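What follows is one chain in structure tokens, specifically the form predicted on its own.
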Amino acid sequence: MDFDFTSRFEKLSGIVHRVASPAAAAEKVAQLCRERQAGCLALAGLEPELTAAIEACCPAITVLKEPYSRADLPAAIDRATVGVTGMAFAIAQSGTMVEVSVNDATRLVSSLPRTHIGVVREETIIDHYADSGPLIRAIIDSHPEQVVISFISGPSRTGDIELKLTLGVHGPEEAHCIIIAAPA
């Protein structure tokens, strides 16, 4: 690879955690929740096994998960301190996680809580931004009716207020990426 995802993501104020397995990813999510004293955690777009592992690691935390009732949105997810979503892939060149949403809940889970954690598999990290084109076309082709593709590069940021860079005004003030190592 020409680029290092971790250094690019962290340059944008994101925090990267590398783990060896989905079970270790669930433990990392639980640790981050404990450190933030989270009472409520929202999950979306994750593999079912990872969702179950996170629930098992967070017995003292209210865990919200799919399917979300449309009538309860966005208030239900707004209760969460931490949101965890699965990523379709990541781009090393720009330190970007790519999230695919086919419903409003996934986007709310990654944008409403103060802390967002994206989970990406190491083997899905591509090197160059231009390499994402075919992947994006395939995603759109497989979801012809409704799909939103979000590029997440660190926490929400704005320079609108007195031209000072401020994190967390329009979305999460903390962005974490948990990279699950590729199988050996």
Partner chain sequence: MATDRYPRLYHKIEAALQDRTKSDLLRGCMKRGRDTRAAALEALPGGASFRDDVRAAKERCIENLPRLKQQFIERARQRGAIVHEAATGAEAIAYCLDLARRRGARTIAKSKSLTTEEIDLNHPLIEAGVEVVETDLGELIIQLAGEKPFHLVFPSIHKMAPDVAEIFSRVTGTEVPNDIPAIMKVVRQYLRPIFLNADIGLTGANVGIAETGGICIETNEGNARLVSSLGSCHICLIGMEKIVETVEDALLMILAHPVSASGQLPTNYVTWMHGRSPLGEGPTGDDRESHIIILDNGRSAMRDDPEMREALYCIRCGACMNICPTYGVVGGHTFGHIYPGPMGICWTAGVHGLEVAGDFAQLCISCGLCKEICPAQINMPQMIAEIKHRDAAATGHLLVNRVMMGADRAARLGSATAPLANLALASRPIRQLLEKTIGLAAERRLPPFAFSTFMNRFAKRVSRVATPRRTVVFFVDVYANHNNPDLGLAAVDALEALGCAVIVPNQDVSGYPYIAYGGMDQARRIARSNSDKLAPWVRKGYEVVAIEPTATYALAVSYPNLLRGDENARLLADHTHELFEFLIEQEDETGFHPPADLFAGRRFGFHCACHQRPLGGGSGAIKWLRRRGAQVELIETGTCCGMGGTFGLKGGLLGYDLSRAVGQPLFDLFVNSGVEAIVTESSVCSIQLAEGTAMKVYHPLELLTLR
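For clarity, a rigid core is taken as the largest C-alpha set superposing within 1.5 Å between two forms. Residue numbers count along the first chain shown, from 1. Source: prediction; values computed, not measured.
The same protein also exists as the form predicted in complex with its partner chain; that form is not shown, yet it is the one meant from here on.
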Report summary line: Exactly one of Arg36, Arg157, Arg121, Lys28 comes within 4.5 Å of its partner chain in the model of the complex through a heavy atom, and that residue is Arg157
Query raised in the report: At the 4.5 Å heavy atom threshold, is Thr51 in contact with its partner chain in the model of the complex?
Result: no
Query raised in the report: Contact between Thr166 and its partner chain in the model of the complex at 4.5 Å, heavy atoms?
Result: yes
Query raised in the report: Hey, in the model of the complex, is Pro74 touching its partner chain, heavy atoms inside 4.5 Å?
Result: yes
Query raised in the report: Taking heavy atoms only, is Ala60 within 4.5 angstroms of its partner chain in the model of the complex?
Result: no
Report task. Sequence order please: the residues of 69-98 with a heavy atom within 4.5 Å of its partner chain in the model of the complex. Result -> Ser69, Arg70, Leu73, Pro74, Asp78, Gln93, Ser94, Thr96
Report task. Take the rigid core as the frame of reference and indicate whether the C-alpha of Ile161 shifts by 2 Å or more between this form and the one not shown. Result -> yes
